[in-house]
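Here you get one chain, nothing else, as structure tokens; it is the form predicted alone.
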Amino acid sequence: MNHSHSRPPIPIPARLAVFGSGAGSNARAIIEWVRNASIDAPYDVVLIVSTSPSAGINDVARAYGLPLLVLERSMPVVEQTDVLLQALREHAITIVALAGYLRKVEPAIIHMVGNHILNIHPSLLPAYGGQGMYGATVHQAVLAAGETETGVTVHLVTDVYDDGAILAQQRVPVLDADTVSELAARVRNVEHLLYPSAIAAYVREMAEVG
């Protein structure tokens, strides 16, 4: 599928910023994928953005020696956007990956990186998506509905929650005795495999259109 409409080409290696609000397991998976790539990875992680001084993703940034920007929760949205835009410029960011980022991305940020913002969601979108649907809330809803399968979706980010074009999906079975935490762990394992490769495929596609 061609996603080049209204999006400029991405130079390789792309300069990736990972935005997160939680433990940072997807950020770690992305960084490890780049470092362990058997061929030259089409992107490099050059910035981590966090929404809390105590978020685990901060420790991931420190462990890998990556620049870290922490956006204080009390910071007004306008100021937060200005700080983010400045950081994206300083680090010459060409693509952003949201990894458990619990704030809405402002249009100015999306525009700044040429609409090259990806997100990972723990369901098979469009099912179980939208505002307020993240993390355990998604898995609880899946179990409550008696679904026999769920999954992982990588999609482009727009100004509407979980509404951008789908780039990749992978199905995950729901087992009869699953708890929320057990299902979450199984879905997370798939996220760690799918997200880094989906980012790579997108970057390669967007480089080719140029």
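All values derive from a computational prediction rather than experimental measurement. Residue positions are given as counts along the sequence shown, with the first one as 1.
Quick note: we don't show the form predicted together with a small molecule, though the next part is all about it.
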Joint contact, G22, S25 and I120 to the small molecule in the predicted complex, by non-hydrogen atom at 4.5 Å: yes
In the predicted complex, does A97 come within 4.5 Å of the small molecule, counting heavy atoms only? no
So in the predicted complex, does any heavy atom of R186 sit within 4.5 Å of the small molecule? no
Region of this chain that lies against the small molecule in the predicted complex, out of 97 to 105, 124 to 132, 110 to 118, 80 to 88 [heavy atom, 4.5 Å]: 97 to 105
